[in-house]
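First, one chain by itself in structure tokens, the form predicted on its own.
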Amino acid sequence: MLASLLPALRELALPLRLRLWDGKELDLGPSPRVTLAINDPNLIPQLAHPSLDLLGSAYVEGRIDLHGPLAEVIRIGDELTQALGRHTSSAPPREEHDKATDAKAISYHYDLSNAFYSLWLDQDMVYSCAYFESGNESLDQAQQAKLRHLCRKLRLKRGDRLLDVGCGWGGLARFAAREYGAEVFGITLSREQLTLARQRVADEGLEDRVRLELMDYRDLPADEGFDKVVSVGMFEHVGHANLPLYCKQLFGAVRPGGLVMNHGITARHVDGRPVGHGAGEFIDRYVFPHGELPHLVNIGACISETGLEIVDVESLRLHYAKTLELWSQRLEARLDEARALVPERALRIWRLYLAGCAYGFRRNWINLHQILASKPLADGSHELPWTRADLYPPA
């Protein structure tokens, strides 16, 4: 089987070396930069029509090993699947989302190890897209700029009651309280995140302004108790079927005249067709179980149907590509420390995930949008300024 496969592989002229289970090496192109070591001979027939899901799964399960710069590994893998893979374009079936399923999925992803995440995240452990005002910022600088960008868009001011849906390790909650004087209530489904987030709130002496709880968004009271609502990197876990309920909960939580910010990853295609030749299947299997990405049109429609008025939309796709590239580089620089914190299988998943997502965002397979909405007052007016000038003060 390998003999019949080699001509097609060599025709691609990729800088790739195959290392077989018996130690034999075959160069498929000039100056190989990546070595694919095949540990399981039974994988050979499947390589005739590879997908990123197949290659990623084989790596995670130890059927292959990968050697070389990870960004180059991902690029070569994509070229292989584009040239030889069999691609489908149908929309995936919708997932079932109940409280128990979502809590289990969140725990799987976020309760891995706080220490592991701290190896490659910024100092505040902000696990979402950073904001690069010039493109030359460090990760820490760009994450602080993102938190500031969110608070500016929300026109946050001292005394505002802010609801943070999916508060993570509490970086935004602490920033909003410390820098803007907001009173913050944050919720998460991750016990590990909550423990560390509460500790950091205490360490900064912010207990009087920040309260964090383990809570499902479906349990939020619809009492219009907040001036502003922010949800960052959370609605990807909600599921298509629950998007109307999710938006209804945000609407019910904010007072008339208040603002709602939804920041999250969005799909390229309206019907959810996969992009990336198996990348989505790999992520669903190993990284974000039951995750679903709506298109901007779909989440926009759900927001509008509740009665919220969308007033601003911004794509941060390339910002997230750069964020993920920095995360990947930081993890690659600390692999020995990471191996002491998580199992090898988990580390393989995360290495591929961070580098692969950076590649996917860079190539417009997926996007990320910040959607700002206002809850109109009874007469249809709102409290926003006439222009965006206040978001970008003169240098």
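Each residue number is its position in the shown sequence, starting from 1. Quick caveat, the model's predicted, so the values are computed rather than measured.
The same protein also has a form predicted together with a further copy of the same chain, omitted here; what follows describes it.
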Q. Is R148 one of the residues lying within 4.5 Å of a further copy of the same chain in the predicted bound form, judged by heavy atom distances?
A. no
Q. Does a further copy of the same chain get within 4.5 angstroms of any non-hydrogen atom of N39 in the predicted bound form?
A. no
(Q) Please determine whether R317 contacts a further copy of the same chain in the predicted bound form, using a 4.5 Å cut-off between heavy atoms. (A) yes
Q: Indicate whether a further copy of the same chain has at least one heavy atom within 4.5 Å of a heavy atom of S118 in the predicted bound form.
A: no
Q | Contact test, all of E192, H240 and L347, partner a further copy of the same chain in the predicted bound form, heavy atom 4.5 Å | A | no
Q. Exactly one stretch in 160-168, 109-117, 72-80, 300-308 has heavy atoms within 4.5 Å of a further copy of the same chain in the predicted bound form; which is it?
A. 300-308
Q: Using heavy atoms only and a 4.5 Å cut-off, determine which of A100, L214, A222, V313 is in contact with a further copy of the same chain in the predicted bound form.
A: V313
Q) N367, S57, T35, Q329: which sits within 4.5 Å of a further copy of the same chain in the predicted bound form by any heavy atom? A) N367
Q | Contact set, 269-298 vs a further copy of the same chain in the predicted bound form - heavy atom within 4.5 angstroms | A | H295, L296, V297
Q) Which is it in the predicted bound form for the CA atoms of A355 and G272, closer or farther than here, knowing they shift by 3 Å or more? A) farther
Q) Any idea whether G272 and I187 get closer or farther by CA distance in the predicted bound form, knowing it moves 3 angstroms or more? A) farther
